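Only one chain is shown below, in structure tokens, and it's the form predicted alone.
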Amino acid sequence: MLFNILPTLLEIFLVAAILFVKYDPWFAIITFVTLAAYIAFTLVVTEWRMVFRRTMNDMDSKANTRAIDSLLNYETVKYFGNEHYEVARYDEQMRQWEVSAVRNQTSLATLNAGQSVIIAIGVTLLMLLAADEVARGKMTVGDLVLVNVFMLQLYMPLHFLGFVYREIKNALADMERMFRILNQNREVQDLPDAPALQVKQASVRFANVSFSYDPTRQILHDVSFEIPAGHTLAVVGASGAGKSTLSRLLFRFYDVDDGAILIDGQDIRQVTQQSLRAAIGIVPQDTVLFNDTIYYNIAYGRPEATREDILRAAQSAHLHHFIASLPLGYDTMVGERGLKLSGGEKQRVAIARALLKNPALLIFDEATSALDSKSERAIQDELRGIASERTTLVIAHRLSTVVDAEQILVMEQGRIVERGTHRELLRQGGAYAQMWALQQQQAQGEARAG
């Protein structure tokens, strides 16, 4: 702007002023008309071209999304033999991108040609007018040369102005998606000057909590319970009962619609999200690992931890002997999303990562669902020892993993229908007792089949 556009605009103004003062006013009139036509044409055609540019960007994004989706889910593609189908989908997106790209280049050629035609017409009219003035003796040949030099000096920078405007419009079109993302408001935001969470005993209380991801479908209905400091509470129920939603709300990925969630009496909506999440560790049901080493993925729980701390966490998760058996040990790469490890191995990495974080509050969301019975029993014993020192929320489907919890909640369709210890719930003969009986029958059937 400072070194190119502003000097060009100043030069246009000075040339027009010289032509208007020293020569026939028609020289200045033709110059200004040419400038106006050039600018109007550039603005109109550039706006028209932006449609093709935006379409080209959309097709490019969709093609990349298709490719990444297919590559991340390559096992599913191979299970069903759909390689050619995925290639065809990608080719269709690229074909549409190609059409848009050709239209974009064609419209660019149209813009450049139109600008050149306008300038050529303006220069031709000025030269004809100057030649006529020379023929009539009103101007010398030197004046003709002077006007010609002025025109060349005027219209060459004008081409540059058109180029700059076009490039700026293209850049803005390319960045529209980024601007839309930047303009998005976060659903969950810290209050201004929100204090950090002060964790003393890590007691947790859900007070009349109601929540829905979508207003048309309520997930939790007036849920209330308390986990005293250092105690373990388990939540069981069928799929879709709202169990995992409790952990998402506790991490404040979403804010509750009604009620409140309190840690040591502090409403989690009143404190910073960073301090809240620093106090909570989780072993999720679906463990996603980074495409890096096993060491890196364990250390992610506390990046500043020492190697001794990381080895201790791996031993607590019964993972150390497996890692030691690998040729590269802790430097073994786990692959995209941990695809080089089995489900049980990934879950042990997640457990080690949570233990390394050493949080005041622990959440186990089906933490041993991918382990075999022997490994599950060993890790369950370890987890019980860890949980005895912390406030723990256990979300489970297999009831055998929660029998030692101080309190068990049974959820159905977003409501707590039963609560009590394992023995108390069995004596009630309700939903928990039915689930227990059914799972015991399944275990006995598997044992007989074995």
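The first residue of the shown sequence is 1; numbering continues from there. This is a predicted model, so every value here is computed, not measured.
Below, we refer to the form predicted in complex with a small molecule, which is not included among the displayed structures.
Of the candidates 275, 210, 285, 93, 285 is the one whose heavy atoms come within 4.5 Å of the small molecule in the model of the complex; the others do not. Shown without its partner, this chain lists 241, 125, 227, 134 as candidates; in the model of the complex, only 241 has a non-hydrogen atom within 4.5 angstroms of the small molecule.
Although the partner is absent from this view, residue 302 stays clear of the small molecule in the model of the complex, with no non-hydrogen atom inside 4.5 angstroms.
By the criterion of a heavy atom within 4.5 Å, residue 158 is excluded from the residues contacting the small molecule in the model of the complex.
None of the heavy atoms of residue 115 is located within 4.5 Å of the small molecule in the model of the complex. When the small molecule is considered in the model of the complex, residue 219 lines it closely, a heavy atom lying within 4.5 Å. The stretch from 342-350, 261-269, 248-256, 318-326 that comes within 4.5 Å of the small molecule in the model of the complex, counting heavy atoms only, is 248-256.
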